[in-house]
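Shown here is one chain on its own, the form predicted alone, set out as structure tokens.
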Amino acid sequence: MRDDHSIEQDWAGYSETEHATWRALFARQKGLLPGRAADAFLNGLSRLPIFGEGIPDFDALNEVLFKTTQWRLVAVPGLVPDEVFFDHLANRRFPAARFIRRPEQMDYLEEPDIFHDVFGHAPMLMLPAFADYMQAYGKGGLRALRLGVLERLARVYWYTVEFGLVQEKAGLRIYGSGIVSSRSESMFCLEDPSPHRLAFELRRVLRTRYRIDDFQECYFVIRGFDQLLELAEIDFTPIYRSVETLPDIAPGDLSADDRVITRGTGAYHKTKS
């Protein structure tokens, strides 16, 4: 393992069982996502050499990805330290786990694997606005470490990159990797009446805790990917200060000024009477 925790992918070393797991996961999600995933995700997926035959080769992926947005994937053994992760992002490298889940873990895996990292993340990195946002997030993460506010910034990643929704003309669509790589949450986030779907507001997100062991109780909806670029241009430091004395908000709670998105129509209403 190198100093930046990267390793060789060793594509030739994957077993037939591992490729079969990829094929099963890919077929399930590929059939589920049209009409649910964002146009940008589906477009990125169609342009990358990510297929149903087996685990993709990072060299082939990087040839297309780098030509498009100057990003590339680097293989890592699993989760990496925060500083290493942010440094990779700040330099337009996405650290992707080399391993794939076991067949009995098809429906749930606590630690992200290659299917989550490649199928879930790589397609959105083909969109220039999102690619620039991810680099800015990496730089912001390094600053957040120095300021001691990483827990706050992690919520922004969680509610955008991992579990974000976007408003499109046809309705709410998924772009977060934690959703597009999950069969059950791909349906739950859009179709179940129980979670709150809230218009994205930065201070609200910085105060909102999240669940790592169950479906999300709220999802934040951006109006388009230019909104993420706007975040990339903001100095978060005074915003961190503005929320540091305010209480956290539980994932399932609503606050007075939330704009709640109506499932199906995409219209929103304020919770304040």
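Here the structure is a predicted model, which is why all the values come from computation and not from measurement. One-based numbering along the sequence shown.
This protein has a second form, the form predicted in complex with a small molecule, left out of what is shown; the following refers to that one.
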*the small molecule contact in the model of the complex: residue 168, any heavy atom under 4.5 Å*: no
_Partner contact for residue 187 in the model of the complex: the small molecule, 4.5 angstroms, heavy atom_ = no
*If you check in the model of the complex, is residue 163 within 4.5 Å of the small molecule, heavy atoms only?*
no
*asked:* Since only the chain is shown here, I'm wondering whether residue 200 would be in contact with the small molecule in the model of the complex (any heavy atom pair within 4.5 Å).
replied: no
_Quick check for you: of 124-132, 151-159, 189-197, 101-109, which stretch puts a non-hydrogen atom within 4.5 Å of the small molecule in the model of the complex?_
151-159
*Check 78, 95 and 137: does every one of them have a heavy atom within 4.5 Å of the small molecule in the model of the complex?*
yes
